[in-house]
Every structure is written in C-alpha cells, then in structure tokens.
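Consider the single chain below, provided in structure tokens and representing the form predicted alone.
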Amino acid sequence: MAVFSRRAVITGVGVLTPLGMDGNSFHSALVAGKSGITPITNFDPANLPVRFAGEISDFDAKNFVDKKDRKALRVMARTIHLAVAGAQCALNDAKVDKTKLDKTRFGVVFGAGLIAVELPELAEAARLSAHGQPGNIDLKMWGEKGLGAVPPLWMLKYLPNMLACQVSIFHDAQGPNNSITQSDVAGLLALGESFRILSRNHADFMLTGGAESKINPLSMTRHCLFEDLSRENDNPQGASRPFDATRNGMVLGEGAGVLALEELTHAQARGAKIYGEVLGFGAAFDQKKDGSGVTRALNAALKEARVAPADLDHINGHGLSTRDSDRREAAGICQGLAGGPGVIALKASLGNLGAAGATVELIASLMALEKGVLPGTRNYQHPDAECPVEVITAARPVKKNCFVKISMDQTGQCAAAVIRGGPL
C-alpha cells in the first residue's frame, strides 16, 4: 500500500448559516445557546403542515461577488448562490493571492443535494400543457407548447454539479473538480475526497464543502410528504431534539460550509494561518441499518489519524433528531468510541442543512478549538435508553485539540473525519 506524506491543513473557512455569516459570529451564537430555527418568511408556508425551518433571512449573493460577476448569478438557484458565496468567504478568510496559485493545481470538490425548482419558472409551461385543468398535464401539449415556455437556461440553475462548476469558473480553478450528490453526508465525503487529492499530490489548494437550501415550496412539500419532519409549529426552537427520548423528527434548513484545504508546505510557504489539520477520514455503508457503518467509518478515520478515542475532545455528531437515525448513530458511536468523549449535535440549533450540514458543523468544532469554548446541544432533556451516548448540553472549555465529525444519510452512507486544531 502506498504511503503518502503530504499533509492537508485548513487555512480558511466560509460559513453561511441561520446563526451567522462568518466563523466568529457563528461560534458566538452557538456558545450563547441561540437558535436559528424560526417561522419561514422567504415564502408563504400557510398551506404546509410544517411552517418553520433554519432560514437565512438576509442573504443576497450579490454582496459576496464582484460587481462584474453579478450577471452570472441570474442562472444560479439559491443553493448555488450559497456555494459561490461560501467559497468566496473561505478564500477571503484564507487570505490567498489567487494570482500566485498554480491554477492547474487548484481544485474544487463540493457536496450537493437535489435542487428544487422555483415554481414560477415552470408555471406558464404547466398552464399551457394542462388544457385548463390544473395538475392534468397533457404530454403532447407539453411538447408542442409547454417546452417553449421554459427559460432556455433553466436546467443550468438546478443541476447539482453546478455548485462545483460555478465556483471553479469564478476562480479559474483548473485542477481536480468533482460533485458528490449523497444527501446529508455529501459535504463530508467531499472533504474526504479533497483530503485524498492533496495527499496523492494531485493538487496543492482545494475549495471543498457543501451548500443547500431546502427552504422552497416544492422542496418543503416533498419533505413533508416523504420525510420524518417535526411538526411543532408552535415550538420551532424546541422542535429539533437530537438523541432526546421525546424527539419526533428533523427540522429543515439552509446554508453553506466551505473550507480552504491546503497542502501543509504550500500553506507554510505563503505564511497562511492554519486552523487545523485533517488527520484521518473513513467512509462505510450501513447496510444492516444497525449503526455498524458508523462504527466502521469511525474506526477507519481513527486508525488513519493514529488517534485513540481518549485523545478526542468531543464527537461532533450527525444528530438528525429522528427516532431511527439517532438510534443507529448512537449504536455506532458506542461500538466505535468506547471510552470516548461526549457528543454535540448542532442541528438542534440550525436545522438539517443537507449537503452543507456536515461542513458547517465541522467548522463549529474548528472554531471551538480556536476560541477554546465548545458549544452545547440545545433541547436535550430526556435521556433515551436507545441512545446511550453522553450528550454535551452546556458550553464548556475545550480540553483537547482533536475531534471527530460524523455524518450520515437516510440510505446508510456514513463518513467520519478526525481533525486536529492548529497551529501545528
């Protein structure tokens, strides 16, 4: 087996969340125990059974790009806006001079989910194809009249690979480029691939992470029909209760989490600030839906990192707040991290940010190591015998300089990354 000596360090963070639009304000809000879950205002949710989410109320992508580039935003959905803005924030934070980067060794890997269409864009096409009967689309009429009413560049706004594509175009990144569409675990899988790319000497500098907005009438309707959502409209800030015995479903949200990931000597040569280092990564599939995939991902990450459970300050959990997912995750943690530390679960404060969630939550732990204070988990009051993990409920001082981030999805994909705080 080949051994790679190149090390991957984090030199910049871009984070857009319901609780803050930069690392410092995001960390402060989490430590203060604030919640970003509120009634939805971006559209009228009155006819939906769920009317609250982790919403970013004041986001405008035009504020994050140069004036000359704003025209390009017209062919991007909100999810892609979040990705482009998050990437720019990460670059700004890394204080990198792009003119001095080798563009052929500047890569981009992003996690993405299903991007829901904005309903007005297809409304006229649907009307022309319905013979005056809403919901009854005639395919012959769709071909003859409906398609002509669809905006010519419509599809480019909603392809999941456009997150990585648009970020690469904006910054002339000509190195490795990929998109991972694996739901909630996509952002952490993207980090894992970027880690491998740097280790194998295929790039020197990477932008990696994820972005997603689920705050859309079509997306919300789909999730209400097919996903396990909390419906506590009268208690939005208390609705997400990871690992709690009274948990009754997840809460949706939106955001972006992007990391500037860089080979160590490349970062040192330009005098970059180093937030931390990716020590190990693991992924597995939980075919049995019993938590064993979480255990195997954790074991692989810890083995590569050469870190023992006792060396970790905390576990940054997935904490979806559904009955089944939390039970499986807790079982996997107990099997893989016996003797390990407690767990924080930040979806209680943010909602499920989909492909953005893992990287956003990882940044929270990274900021905690830098600031010396770890935020706690909101809304955990009733221990569940089926989730026998120690949940950290109040902010506390950071005790050690390593943590592990876990991410999962509903189908069984699991990932884990071990991060050591900087400077090295």
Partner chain sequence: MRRRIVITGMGAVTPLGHSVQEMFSNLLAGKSGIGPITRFDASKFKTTFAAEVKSFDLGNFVIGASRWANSGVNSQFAAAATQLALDDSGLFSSGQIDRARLGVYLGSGEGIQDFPNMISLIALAYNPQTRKMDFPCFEKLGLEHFKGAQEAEQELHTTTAHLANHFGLEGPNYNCLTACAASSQAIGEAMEIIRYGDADVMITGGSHSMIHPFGVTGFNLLTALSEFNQDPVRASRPFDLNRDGFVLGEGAGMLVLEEFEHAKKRGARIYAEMTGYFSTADAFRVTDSHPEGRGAIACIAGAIRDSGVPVEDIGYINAHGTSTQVNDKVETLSIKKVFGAHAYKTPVSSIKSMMGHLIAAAGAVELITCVEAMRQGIMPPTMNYETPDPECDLDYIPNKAREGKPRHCLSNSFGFGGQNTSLVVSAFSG
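Positions refer to the first chain, counted from 1. A quick note: this is a predicted structure, and the numbers were derived from the prediction, not measured.
Beyond the structure shown, there is the form predicted together with the partner chain, which is absent from this document and is the topic of what follows.
> For the three residues 91, 96 and 382, verify that every one has a non-hydrogen atom within 4.5 Å of the partner chain in the predicted complex; reply yes or no.
Negative, none of the three is within 4.5 Å.
> Classify residue 271 as contacting or not contacting the partner chain in the predicted complex by the rule of any non-hydrogen atom within 4.5 angstroms, answering yes or no.
No - in the predicted complex, heavy atoms of residue 271 and the partner chain never come within 4.5 Å of each other.
> Give a yes or no for residue 237: in the predicted complex, does one of its heavy atoms lie within 4.5 Å of a heavy atom belonging to the partner chain?
Because no heavy atom of residue 237 falls inside 4.5 Å of the partner chain in the predicted complex, the answer is no.
> Does any part of residue 143 reach within 4.5 Å of the partner chain in the predicted complex? Heavy atoms only, please.
Contact check for residue 143: yes, within 4.5 Å of the partner chain in the predicted complex.
> Within a 4.5 Å heavy atom cut-off, is residue 172 in contact with the partner chain in the predicted complex?
Although the partner chain is absent here, residue 172 would touch it in the predicted complex, with heavy atoms inside 4.5 Å.
> Tell me, please, which stretch of 256-264, 296-304, 240-248, 314-322 lies within 4.5 angstroms of the partner chain in the predicted complex when heavy atoms are compared?
Stretch with heavy atoms near the partner: 296-304.
> Considering the partner chain in the predicted complex, which of 65, 48, 398, 31 comes within 4.5 Å of it through any heavy atom?
None of the others qualify; the residue that does is 48.
> Where, within 274-291, is there a heavy atom within 4.5 Å of the partner chain in the predicted complex? Residue list please.
281, 283, 284, 285, 287, 288, 289, in sequence order.
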